[in-house]
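Next up: just one chain, as structure tokens, the form predicted alone.
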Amino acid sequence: MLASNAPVYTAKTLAQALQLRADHPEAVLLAGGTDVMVFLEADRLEAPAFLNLWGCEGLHGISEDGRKIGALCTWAELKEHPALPMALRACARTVGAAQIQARGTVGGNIANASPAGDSLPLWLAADARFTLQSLRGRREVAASDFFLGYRKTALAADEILVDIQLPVQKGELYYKKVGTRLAQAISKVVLGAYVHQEGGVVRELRVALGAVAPVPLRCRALEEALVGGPVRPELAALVHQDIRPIDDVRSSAHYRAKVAENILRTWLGSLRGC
């Protein structure tokens, strides 16, 4: 049972949602609710009001070419769309159980901004852009500029995340999640990576990790060392220059640091000869 008596404002159209957001900037956005409900029942969320977006027209669906994903797209939709990169579909299959996948939304995962959010490193690796909208207009924010701090984002108080834009890619995306189980478990370390090689030379590389810092982050030292040269798995150790893991109930900082290096070394090793 919802443990809150706060008012709930429901939007059926994007225009209604934007007006309600402007009128009630204090309201907590409610999409699939898979995190919000848990926080409420655990007495970890105080909300003066809610803005329910679940049935809002204009925020659902995935474009035919897979380059535009509505913020209310569910994980169940994501994992079945043939035009999306395999890495994104693989990620969707590790998010919770079937019930969570049917209700949880991509936009909710992004806006929630948990450093352990399963999909967040992939958006960084894919060089995705997030479309934010308010009554003042629309703007696009690069995924790399969106996550500002622990559960803090570039969303203004009157804005709503409406979609995710994926650029055309020459290379391949890669995804790896390490948790207590493959699914139905919060990430201990999660990797999203993108590489484009030509003639054995790394031309473009984006490596992002989650659950190893207050925000999902790019591994800039590793990227800079590898771009313009051959794949060198031993350079995976450079990841320690960027990550800042902590000890918590799920894992230790030492474990996270070691696993981050190991999964990067394994992935880079798999790229040799590609």
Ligand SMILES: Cc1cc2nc3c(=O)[nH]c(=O)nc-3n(C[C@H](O)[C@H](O)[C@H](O)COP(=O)(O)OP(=O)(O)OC[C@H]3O[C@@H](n4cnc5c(N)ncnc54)[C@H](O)[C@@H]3O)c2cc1C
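All of these numbers come straight from a predicted model, not from anything done at the bench. One-based numbering along the sequence shown.
The same protein also exists as the form predicted in complex with this ligand; that form is not shown, yet it is the one meant from here on.
A.B. asks: Just checking whether Leu155 would be counted as a contact of this ligand in the predicted bound form - the rule being heavy atoms within 4.5 angstroms.
C.D. replies: Leu155 belongs to the contact set for this ligand.
A.B. asks: My question is simply whether Gly32 lines the interface with this ligand in the predicted bound form - judged by any non-hydrogen atom within 4.5 Å.
C.D. replies: Contact check for Gly32: yes, within 4.5 Å of this ligand in the predicted bound form.
A.B. asks: Is Ile186 near this ligand? Define near as a heavy atom within 4.5 Å, in the predicted bound form.
C.D. replies: Contact check for Ile186: yes, within 4.5 Å of this ligand in the predicted bound form.
A.B. asks: Please determine whether Trp123 contacts this ligand in the predicted bound form, using a 4.5 Å cut-off between heavy atoms.
C.D. replies: Heavy-atom contact with this ligand at 4.5 Å: absent for Trp123.
A.B. asks: Taking 4.5 Å between heavy atoms as the contact cutoff, choose which of Gly96, Gly179, Gly171, Pro85 touches this ligand in the predicted bound form.
C.D. replies: It is Gly96.
A.B. asks: Under a 4.5 angstroms heavy atom criterion, identify the one residue in Leu166, Ala111, Ala76, Val141 near this ligand in the predicted bound form.
C.D. replies: It is Ala111 that has a heavy atom within 4.5 Å of the partner.
A.B. asks: Counting only non-hydrogen atoms, which stretch in 5 to 13, 21 to 29, 247 to 255, 261 to 269 is within 4.5 Å of this ligand in the predicted bound form?
C.D. replies: Of the options given, it is 21 to 29.
A.B. asks: Run the contact test on Val38, Ile100 and Ala116 with a 4.5 Å heavy atom cut-off to this ligand in the predicted bound form and return yes or no.
C.D. replies: Yes, each of Val38, Ile100 and Ala116 comes within 4.5 Å of this ligand in the predicted bound form.
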